[in-house]
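The same protein chain appears twice below, in two forms, each given on its own as structure tokens and labelled structure 1 and structure 2.
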Structure 1
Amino acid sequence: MALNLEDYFLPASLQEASTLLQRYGDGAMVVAGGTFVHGLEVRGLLTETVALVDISRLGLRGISESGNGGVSLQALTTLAEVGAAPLISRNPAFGSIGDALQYPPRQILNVGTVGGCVAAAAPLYDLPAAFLALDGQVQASLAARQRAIPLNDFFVGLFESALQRGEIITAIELPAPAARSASAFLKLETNANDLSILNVAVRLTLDKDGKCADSRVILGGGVGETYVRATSAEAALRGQTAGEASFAAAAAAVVDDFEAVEDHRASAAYRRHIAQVYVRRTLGTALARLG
């Protein structure tokens, strides 16, 4: 269906992959799990692509502790492997990751990769929202150059990221969460096969008196071309005792933080309403995880 496709490459090293990507330029497309790439192909969006560069043999797979309690997820780690990793599932700070992995079918969890779901740069995807709430950063490699890109700067537009042509994500890094941190994620969808109406990821960090020392409130789904960081909601939480009153204030504030999309899935008014409900619920879940 990708009518002009000439070849499918399986490079064995990052260097070899880089060389191929440079040689084919705009005609090359990276394939990790291929679940998103295949979707582009069946929609007829790969007609310019002449070379698929499958990076699954580069060995970039696995989850490890990076210095002082942070976690590094290599780019080719599958979503299922992330969900099964004790480093993730045992830490309430990473609760939003486990939540986000409740939605895709097993067949996608087994194949879709950490790097692929981030590189796709679609605010409709769940896991990147959780990574944003955890202040994650992308490690990317272009030929011999390696650089870090905070996820906050990574998503530039719909299907558009800060990656340069030929640049490959090698890992997603999550910094060590502060003590007394927990996170949570929720998504609203009409059915399991449809795109998200709205999703919310939050992280809550409490001080020793139970007040919100820090928080992240991230919105995805029908909120525009990229994820949105809800800074008004975060401001409403700062310094307040974590509980119903401050969560209600954050929920009320969140409507100032985004332009709700209006489409056949949901009206803008409904999305604004759901954003408030889900901010309250995810904050409640995060707090309960600290309990």
Structure 2
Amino acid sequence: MALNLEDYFLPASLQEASTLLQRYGDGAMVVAGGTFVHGLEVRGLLTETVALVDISRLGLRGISESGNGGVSLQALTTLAEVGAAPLISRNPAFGSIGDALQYPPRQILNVGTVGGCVAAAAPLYDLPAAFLALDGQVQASLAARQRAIPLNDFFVGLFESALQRGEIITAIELPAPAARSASAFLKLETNANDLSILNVAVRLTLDKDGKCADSRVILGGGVGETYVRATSAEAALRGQTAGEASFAAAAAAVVDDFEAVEDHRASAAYRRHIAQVYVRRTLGTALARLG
């Protein structure tokens, strides 16, 4: 299918960018790093796009501490900058982020942006799964209005998000982690440049006795049109001593939380099996980070 692009804009303010997005509606697409554009084009998903709105000049770049140990990632911060930030790399609670950033090639890390990665609403992507395990939220702007959207509510379908017309992601906010928390991420792929067959992000929070006070288990990849929070696996962990037995129980329970997809990358049965294996492994990695 042929592209129908007619206009390219480089706005100098959020107000101007929002105005353009409202004017063109579904015919506009926001770009920054632009790493997602080719993937959409080759799949014939840009035929209705007539205008690109490039927000790369809006600032929105940097990483800062917020709210007693939380972290704010401005939307145009590159993936490489996120991975190198001491606020991220030195905190085991944010370990899932560093894990997820081991997979993309260097070219993507240097150009791709944290906001674009989330805005794509593609459950095959790695980093949003890590953010979901950390109870992250999106900060979105429409002209002078700002609002926060929990990531649990942000992804509503394949390539579909809760952003309203004209809204632009300005930051990803990660709340301050509880004491004795660690997270981890693991991905199965066919090769170094492929999207995930399945990915798993987990967070563990232990009490003083080594029992699981809270957890998150997130599945992405071939599990449907959005990421899946594995509540059955989390329930199997709650109140249990963190270790091999509880992790095996969580892994066994995870198959109740999703309908595996069957496609050219893997069968549904294989994905169900790998989900169990990877849940157990990622939980083990998170526990090891707690010493």
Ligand SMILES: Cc1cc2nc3c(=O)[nH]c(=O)nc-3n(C[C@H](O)[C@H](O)[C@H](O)COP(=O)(O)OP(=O)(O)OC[C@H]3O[C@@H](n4cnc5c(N)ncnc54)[C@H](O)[C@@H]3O)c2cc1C
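If you superpose the two forms and keep the largest set of C-alpha atoms that fall within 1.5 Å, you have the rigid core. The first residue in the sequence of structure 1 is number 1, and each one after it adds one. Since the structure is predicted, the reported quantities are computational estimates derived from the model, not experimental observations.
In this pair, the copy labelled structure 1 belongs to the form predicted in complex with the ligand.
A displacement of less than 2 angstroms separates the C-alpha positions of residue 65 between the two structures, with the rigid core held in common.
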